[in-house]
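One chain comes next, on its own, written as structure tokens: the form predicted alone.
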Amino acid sequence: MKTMLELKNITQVFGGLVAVNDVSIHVDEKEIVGLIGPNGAGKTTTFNCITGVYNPTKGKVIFEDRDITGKPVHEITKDGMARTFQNIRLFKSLTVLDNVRIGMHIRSKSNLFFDAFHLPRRNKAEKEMTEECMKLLAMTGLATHADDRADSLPYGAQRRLEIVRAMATGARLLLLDEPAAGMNEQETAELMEFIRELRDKGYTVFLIEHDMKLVMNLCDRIYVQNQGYLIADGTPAEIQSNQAVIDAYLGEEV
């Protein structure tokens, strides 16, 4: 199976604090992989090293066999990787469709001259972009809300819209930072089904999540991070029975 993302001995130091310590991870094409661990374990910092927010102090980030270590965020997004955040970051006063258009903007080949004078080439490109956005919305069950304000959607649908906006960038790899945060049980179940459908459509998903029911029932493999280090990796069954993970994170009841 093709490896889509590989972290090679990533370390991130802030002053005297080692937030990520010698972390190596791989995510294969069309996998759903989870990264779990207690608060402050270094999970979001790891995501930030992958997506260009931070330039790792040591190590390499390899995406589809290309070294992207330290590349700017927008270039990594153009390469085919996009992320969502723990806190919803929609443009809430804009429509659902316009939020997806913004995601697709990074792929547009618009020309300032054509844009300024609304010439036919610009109009054709706008029409094509709208059609493609609507296809994404239809694929994810949000097409009927295209003209609604983003903040009028139920919470779970807003979370789904964030993922659709990431998809609109042309991403093949989606990094989801706590996608189930704040969701009730029904919304979480719908999210799980949605992510499975994304994998079935060819997307690869790497996620951080605290909801253990979601992680254990959704992920093909799981990495566990604690105090910057990776302390375990394996299938959900292997992680559930790993004593180091139980002691550090899951708790004796598991």
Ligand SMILES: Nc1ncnc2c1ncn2[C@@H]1O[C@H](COP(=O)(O)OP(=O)(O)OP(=O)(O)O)[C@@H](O)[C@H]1O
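On a predicted model such as this, the values are computed, not experimentally measured, just so you know. Numbering starts at 1 and follows the sequence shown.
If you look for the form predicted in complex with the named molecule, you will not find it shown, but the lines that follow are about it.
*Asks:* Counting only heavy atoms and a 4.5 Å cutoff, which of 23-31, 181-189, 44-52, 215-223 contacts the named molecule in the predicted bound form?
*Replies:* Selected stretch: 44-52.
*Asks:* With the partner left out here, check for me: in the predicted bound form, does some heavy atom of G40 sit within 4.5 Å of the named molecule?
*Replies:* Yes, G40 sits close enough to the named molecule in the predicted bound form that at least one of its heavy atoms falls within 4.5 Å.
*Asks:* Please tell me whether any heavy atom belonging to Q86 falls inside 4.5 Å of a heavy atom of the named molecule, as the geometry stands in the predicted bound form.
*Replies:* Output for Q86 is yes: heavy atoms within 4.5 Å of the named molecule.
*Asks:* Quick one: is H210 in contact with the named molecule in the predicted bound form, heavy atoms, 4.5 Å cut-off?
*Replies:* H210 belongs to the contact set for the named molecule.
*Asks:* Residue-level question: is A19 within 4.5 Å of the named molecule in the predicted bound form, judged on heavy atoms?
*Replies:* Output for A19 is yes: heavy atoms within 4.5 Å of the named molecule.
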